[in-house]
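One chain is shown next in structure tokens, namely the form predicted on its own.
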């Protein structure tokens, strides 16, 4: 069972995360695909009693705590580290150009999540304090990212071609976040190839086991 943060001086690696964070889910999926053992520590950065700033001065999750207590953040840094410490199921290609294409997909998926999360937080403010213009601007980013993903995926099975990798993980976590926070978005009918990709991903235990709790 996930726990609250405890002393980081343990010899077991830890992941400090929110169960609804798409960035934390990305790390959890990578760790599962690579069979990396760690302790999942649940902490919500928005809670008054959060201890996340003790591990990440930016106050964000995910944070990966190494055996010696040193910490890694953000998710892109963490997944690169995880891919480097285990030879099982590499999620990043070794060759420079294929690798940078995967990282490009990751940047696009992460950017979608950042824009969507901004809207989610804005909508939690009192109605009179919300900026409709700001929300619309961020949602245009979400729509543009979905369109770019759909066009780049085309008829391929996986985001960068024949092989499952980090590009698919990041994209799947982004789509899952939209389902969690924006169920009214009809992205599946507009982008059926992304919907098919999402279904393929949900067939993997790493994705099924990390589904966020219902909002």
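Positions refer to the first chain, counted from 1. None of these values were measured; they are calculated from a predicted model.
Below: the form predicted together with a small molecule, not depicted.
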Does any part of residue 83 reach within 4.5 Å of the small molecule in the model of the complex? Heavy atoms only, please. no
Does residue 61 reach the small molecule in the model of the complex, with heavy atoms at most 4.5 Å apart? yes
Test of understanding: in the model of the complex, would residue 45 fall inside 4.5 Å of the small molecule by heavy atoms? yes
4.5 Å heavy atom contact, residue 21 to the small molecule in the model of the complex: yes
Considering the small molecule in the model of the complex, find the one stretch among 143-151, 165-173, 186-194, 52-60 with heavy atoms no farther than 4.5 Å from it. 52-60
